[in-house]
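Only one chain comes next, encoded as structure tokens, the form predicted alone.
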Amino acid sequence: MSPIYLKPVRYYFSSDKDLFNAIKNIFGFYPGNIFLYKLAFHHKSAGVETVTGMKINNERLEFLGDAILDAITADYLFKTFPLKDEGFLTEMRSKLVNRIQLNKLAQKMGLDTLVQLDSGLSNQYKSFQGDALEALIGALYLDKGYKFTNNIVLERIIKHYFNINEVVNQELNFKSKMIEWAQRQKKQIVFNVVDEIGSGYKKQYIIEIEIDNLPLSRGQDYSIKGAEQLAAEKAWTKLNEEAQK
């Protein structure tokens, strides 16, 4: 049997057997350094206190995992579509790893049930599931290395949860859809930056869409463009649901 499936000796003496088993069930391997995976699921609202009294959380792992995920996805798309230009590859990567998609993926994988989060703040942190997924990829990279992580991300995430041909045909530019809809309906649509959260590389923007001066939806992302797209996707979904009633 391959070592990937063998339980590490520490498993039998660990209080983290549930987490060991959860990782094995989701990704097909047992963790080496279980602390990294525990930390990946600790949101900043429920940080782990060290012996020095300092609280640590999954934000650093999330930063690392985001970069690793982008690199793996870009490499996969580059090789899968050798004749496509940079614009196509960039749009495809956005379809695969945008914030809403990562949140949905984390929920499908059951990661949302593993996140340690202040329950009273769950509505405030809309992307904690996707953040935990990125942090988990960061933990995996530190524990197993890039080659192993690349294989897990491709086989257990991208190829398992996506039909790449269907992704190619998916409409991504929801902002354009909303603007076209507003023009047809002769309504005024405005994308407002209503708040900014954090600073530096962690800075996020909150965009609110108003239709005829009435708020319709909000989106939050690390770029204004990304937040606009998320808000527009929510608005588009809401409009279609109302139309079907």
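Everything quoted here is computed from the prediction, not taken from an experiment. Heads up, when I say rigid core I mean the largest set of C-alphas that superpose within 1.5 Å between the two forms. So that there is no doubt, residue numbering starts at 1 and follows the sequence shown.
Beyond the structure shown, there is the form predicted together with a further copy of the same chain, which is absent from this document and is the topic of what follows.
Within 4.5 Å of a further copy of the same chain in the predicted complex, a heavy atom is found for all three of I68, L142 and V190. Shown alone here, D85 lies within 4.5 Å of a further copy of the same chain in the predicted complex, counting heavy atoms only. In the predicted complex, no heavy atom of F35 sits within 4.5 Å of a further copy of the same chain.
Within this chain, R93 lines the site of a further copy of the same chain in the predicted complex, having a heavy atom no more than 4.5 Å away.
The shortest heavy atom separation between W181 and a further copy of the same chain in the predicted complex exceeds 4.5 Å. If you take 60-85 and check each residue for a heavy atom within 4.5 Å of a further copy of the same chain in the predicted complex, you get R60, L61, F63, L64, A67, I68, D70, A71, A74, D75, F78, K79, F81, P82, L83, K84, D85, in sequence order. Core-aligned CA deviation for K225 between the shown form and the other one: 2 Å or greater. For A40, a C-alpha deviation below 2 angstroms is recorded between the shown form and the other one after rigid-core alignment.
Annotation for V194: C-alpha shift of 2 angstroms or more between the shown form and the other one, rigid core superposed. Relative to the displayed conformation, the Cα-Cα distance from Q183 to N98 shrinks by 3 Å or more in the predicted complex. Shown here is a form in which the CA atoms of L133 and I207 lie at least 3 Å closer together than they do in the predicted complex.
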